[in-house]
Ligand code: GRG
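Form predicted alone, single chain, as structure tokens, below.
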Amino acid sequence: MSNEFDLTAWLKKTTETVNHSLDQLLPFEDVKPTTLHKAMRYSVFAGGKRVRPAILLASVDACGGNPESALPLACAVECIHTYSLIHDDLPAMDNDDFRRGRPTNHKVFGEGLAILAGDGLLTEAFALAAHWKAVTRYNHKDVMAELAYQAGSLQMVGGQAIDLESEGKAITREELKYIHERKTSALLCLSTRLGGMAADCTEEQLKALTDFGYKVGLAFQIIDDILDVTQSTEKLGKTAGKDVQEQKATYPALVGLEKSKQLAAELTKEAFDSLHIFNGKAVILEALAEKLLNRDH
């Protein structure tokens, strides 16, 4: 069914809509402090694919909600994602020179401003989420708690911390899974869960969306690990081979390329199985998952 859906046209329209909303909601470059706002906007509008906002809005659609009403939440998730990339690229973290095909934030604005730009985007995420209008089952407290949990020390930031501590060390497959669950699955779960909440979904639907986000997120990161060792810097839009260079634990390094591909395929099937509850109404989510999990960059 998802094959009949024109995902390219939907993604183009969705990206334009999200970009327009971000442009209107974020502080403009001429607002003081101007350099900080330029740095924030530099990374936000660096040509990102808007995967997480797209997944959020597709989750709204699967639950029969109005995607337009969820735009503030979609923008909030993108701000959190972009902040995490800015900080991840810093010399103290992954020390990367390129992101989305452009020089990383600290290469253009310096380390101090890059840190502050990330801080600014994280904080703005909560301000943007406040623009969302509550529904019957979920209110602003639910949404703010979800944002804080998935982006915080128990999930995304915690995953980044363990990832840093694990560099150059031999870790188990379970420890690597713990990192990937938090570094990548957390924000994809956040996207699916916020989309469901915005559509006033049932508890059963929210569980299905959570399972889908988790499985897609883990498969997405395994594929990312694979691409890091099989694709070029030009194709990836970021430095290829960085994981090996930084002695990071990855699935290809731990279990090999073929086993990594097998694990990604198994997780993909499980992710699609999670959507059966929607009885064919999760067409956009299915199409997005197919695109994400069959990508080559």
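Because the structure is a prediction, the values reported are computed rather than measured. Position 1 is the first residue in the sequence shown; the rest follow in order.
Unshown form predicted together with this ligand; subsequent notes refer to it.
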### Message
I'd like to know whether Arg100 contacts this ligand in the predicted complex, with contact meaning heavy atoms within 4.5 angstroms.
### Response
yes
#### Entry: Partner contact for Val157 in the predicted complex: this ligand, 4.5 angstroms, heavy atom
yes
### Query
Within a 4.5 Å heavy atom cut-off, is Ala130 in contact with this ligand in the predicted complex?
no
### Message
I'd like to know if Val51 sits close to this ligand in the predicted complex, meaning any non-hydrogen atom pair within 4.5 angstroms.
### Response
yes
#### Entry: Which of 200-208, 108-116, 165-173, 179-187 lines the interface with this ligand in the predicted complex (heavy atom within 4.5 Å)
179-187
#### Entry: Three-residue site His81, Asp224 and Arg295 fully in contact with this ligand in the predicted complex at 4.5 Å by heavy atom
yes
